[in-house]
Every structure is written in C-alpha cells, then in structure tokens.
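Starting off, we have a lone chain in the form predicted on its own, written out as structure tokens.
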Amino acid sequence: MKRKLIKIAKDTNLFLKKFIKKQNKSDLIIPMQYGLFSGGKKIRSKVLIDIGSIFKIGYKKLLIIGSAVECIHAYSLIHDDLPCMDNDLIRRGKPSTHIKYGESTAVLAGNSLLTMAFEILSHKDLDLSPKIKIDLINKISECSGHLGIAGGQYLDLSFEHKKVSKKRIIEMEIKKTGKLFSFCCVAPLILKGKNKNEIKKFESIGADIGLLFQVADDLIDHKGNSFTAGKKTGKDKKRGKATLISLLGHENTIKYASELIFRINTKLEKYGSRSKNLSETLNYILYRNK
C-alpha cells in the first residue's frame, strides 16, 4: 500500500513540476510550490486511481486529473491555516505558507493553485473530448465552492463552541472533505460516460470516503501526537470544534468509522476483486497514523 502511494506521489509531483515549469514565471510560483510540494500522501489521487482501475481507465489520464485535485487540496490547506480560519502555524511538519511568506501572499498562492487546477483539466496534455473536460471542470468547481470545500469550512467555523446535531456535523464534514473525494470517485465515471444514477451512487461512495477521512483526521487530532500528524494536535477541543468525537466520544467514533468502511465495501460488492485496491485504501485511511 505504501509503495503504491509513494509511486503516485512521485508521479504526481513530477507532472506538476513539469506543468509549472512550462508556465511563465511569476513571483507567486515559489509560495505556490511551497504549499503544493510540502509532502502529503496523495490519498485523494489514490482513491481516484483505485476507482479508475475498476473501470479500466489509463493511469496517465487519472494521474493528470489527480494532479488537479491535489492543487485544489493544497489551496484548501493554505487557506485553512490562515489566522482568519484555523490559525495553524505548522503544516506537514513545516511552517504554514502564511508563516513562511506572509498572509496576503498565502491567500494569493492558494487562489492561484485553485485556478491552476482548471488549467490542468482544460490543457491539451489531458487527452479527452472538450465535453468531458467541461463536465470534469463543472464537477470539480461544484465540489470546491460554496456547495463543497468553501461551504464546509464556513460551517466548520460557524459551529465552533456550539451544540450541533450529528446530522449537521456530518453535513459539514461531507462538504469540507467528502465533496473532493466525491469528485475523485465520479471522475472515472464521467470519463466512461456513465449515466446519472451510477454517478450518483459513486458520489455517495465518495462522500462516505471523505467522511471516513475526516473522522480519521479528527481521531488523530484527539489522540495522536504532533510529530506523527505533522501539525499541532489537540486543537479541535481547544477551539470548540464540532466533531463526531465531541458528540459521540472516542470509542463510538471508531465504531462509526468501521461502520462507514463496511457500508462502502457493501456498495462495491458487485465489482468483486476489482475493488480490492480501494478496500485496502479505506483501511489505510482509518489506521494511517497508527
């Protein structure tokens, strides 16, 4: 599993470095690269490639789409760390982008990574029809804006120090994290021209995977150490974050995460051994910092 992640990370970073190198130089490229190449396991790209393998889609196409996903993920982390958001000083064991380059530069670098994702998906290097490219851009835009990452972050900040229902916490975590995983799960189906019902099914699988990832991240913050996590832990409780742990407790949250894995695997049963890679990824997500 780790070897596969290392390969995907290496190939993704290589593509992104070549893509950036071809662009005209600007003063924002260095902070963009700092936020983009700060490490990370590329789990979203791994999920995309796992789903793609179910439908026998070529690795190169999936890698390019995954590179766009990683740009959006990097943008979201740069902005999440800002003083007006979660105010995190450390990200993946290094100073956050705004600590290294200043707050305004971090905002602009994040914005630039967000828009670069659309450049990648519309670029000639991605050998797809214009219609499919438009469909991919529409979907990733929806998953990144007020209906996705941005909307989820808004709810996350709004829920601090408030009593929030389980339903609302799940809604927030699916928007904040699950929507980008949903894109990773439906992108291969868009490439294959699958119908709306099949796309909706895999959107649901992606939402569950994103929820699993966020629950695992919350568990790391609750019980993990800063060295392993690559960022300060214990901050959710201090900031009064609304999480499933704060509502259900540690043990019940672990149980809930296990139920999520069972639910996802049940939805994938019809694909048999073709879904084995994704099943392995699910277990890795939950236990990645054990």
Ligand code: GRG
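Just so we're clear, the structure is a prediction, and the values are computed from it rather than from any experiment. For every residue, the number given is its place in the sequence shown, counted from 1.
The same protein also exists as the form predicted in complex with this ligand; that form is not shown, yet it is the one meant from here on.
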Item checked: Ser96 within 4.5 Å of this ligand in the predicted complex, heavy atoms -> no
Check: Looking at the partner-bound form in the predicted complex, is Ala109 within 4.5 Å of this ligand by any heavy atom?
Finding: no
Next item on the list: Answer for Asp80 alone: is it within 4.5 Å of this ligand in the predicted complex, judged on heavy atom distances?
Entry: yes
Notebook entry, point to check: Applying a 4.5 Å heavy atom distance criterion, does Asp135 contact this ligand in the predicted complex?
Noted result: no
Margin query: Please determine whether each residue of His161, Lys241 and Asn252 possesses a non-hydrogen atom within 4.5 angstroms of this ligand in the predicted complex.
Written below: no
Item checked: Answer option from Leu126, Ile199, Met85, Leu155, heavy atom within 4.5 Å of this ligand in the predicted complex -> Met85
Check: Which among 96 to 104, 207 to 215, 162 to 170, 190 to 198 is in contact with this ligand in the predicted complex, heavy atoms within 4.5 angstroms?
Finding: 207 to 215
Next item on the list: May I ask you to list the residues of 139 to 159 that have any heavy atom within 4.5 angstroms of this ligand in the predicted complex, in sequence order?
Entry: Ser144, Ile149, Ala150, Gln153
